[in-house]
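The chain below stands alone and is given as structure tokens, in the form predicted on its own.
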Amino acid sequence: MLGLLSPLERLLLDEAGPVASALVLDAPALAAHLAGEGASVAAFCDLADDQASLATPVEVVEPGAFGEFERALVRLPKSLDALDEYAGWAVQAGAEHLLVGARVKDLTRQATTVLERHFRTVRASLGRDKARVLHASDPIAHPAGWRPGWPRTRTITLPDGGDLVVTHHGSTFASGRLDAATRLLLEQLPGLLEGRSPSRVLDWGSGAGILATWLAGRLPDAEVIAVDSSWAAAASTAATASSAGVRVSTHWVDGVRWLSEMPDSSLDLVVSNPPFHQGVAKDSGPTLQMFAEGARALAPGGRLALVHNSHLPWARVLCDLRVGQVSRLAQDRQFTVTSLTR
């Protein structure tokens, strides 16, 4: 089992020493190893596929369902907000010691500052295999009934002048802000809907649910679906839609797999601000697969609209599918909105 661990996970294991009980976050192989060694282990992963890979004897948990554990072991998430939420979960689970494993190049002083909000003592281990561990101990006592300060809400102003209360967890893309790319796509949606009454709409990679909630508000008779592989995103989407009083069917699932199971010609509109990072690494694979599956699932006359960095060759990729007409709807100094009409 040890051979299945990454160098970072092996360092976390060595730094942890003997472990009787642990909460493990975003490290499924490490959770399986500790459980196999006889530790009492509960684990949670933000990515749906990682969560699905957890199996007995690991206790699979979701936020809010943590028990009591002496230690928490975490792979450093890509955002400081996510680290703050995870550290709060560790304190909530009664962990006296939190270990955060990271690649040396990803560690910043700010990560230590975040941990110091929750623990009195934070120190870094010696590096090994280009990885280090932050040790946080002596948790700061909180009053009875204390809960971590997540999710949070932020009120944004939409391009049409309306306000939207956005809920976001620590790992949610853009931290609940209306990022420039999503704004550019939102500005094109009224034109996309003009003269059309789509009955089934998909927001692929929904993030905090801004696009899905806007569409559900403008299309009250349509089935609006949101999918995201991140628990933080799916939970945020559901909460944002609920706060706005609209119906969005939200799924925490691998988006490509979900689309691949959709029948041909079953969607009238697909919108996306697609990611091209997996964690901290660039990975365009899921987005490219989404193009093919999304185009296949479009009904005749249906449209796929996406916003992307202008340097990415997504318009050419969509043209190469040879399933419809590709057009550029908008472009600014950084982003482009491209549409495929089947």
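When you see a residue number, it is the position in the sequence shown, counting from 1. Note that the structure is predicted; figures quoted are calculated from it, not measured.
A second form of this protein, the form predicted together with a small molecule, is not displayed here; the remarks below concern that form.
The single contact residue among 238, 256, 222, 107, judged by any heavy atom lying within 4.5 Å of the small molecule in the predicted bound form, is 256. Residue contact with the small molecule in the predicted bound form: residue 211 places a heavy atom within 4.5 Å of it. Using a 4.5 angstroms limit between non-hydrogen atoms, residue 275 touches the small molecule in the predicted bound form. Shown alone here, residue 207 lies within 4.5 Å of the small molecule in the predicted bound form, counting heavy atoms only. Contact check for residue 115: every heavy atom lies farther than 4.5 Å from the small molecule in the predicted bound form.
Using a 4.5 Å heavy atom cutoff, 173, 182 and 286 all lie near the small molecule in the predicted bound form. For the small molecule in the predicted bound form, the listed stretch (192-200, 89-97, 157-165, 226-234) containing residues with heavy atoms inside 4.5 Å is 226-234.
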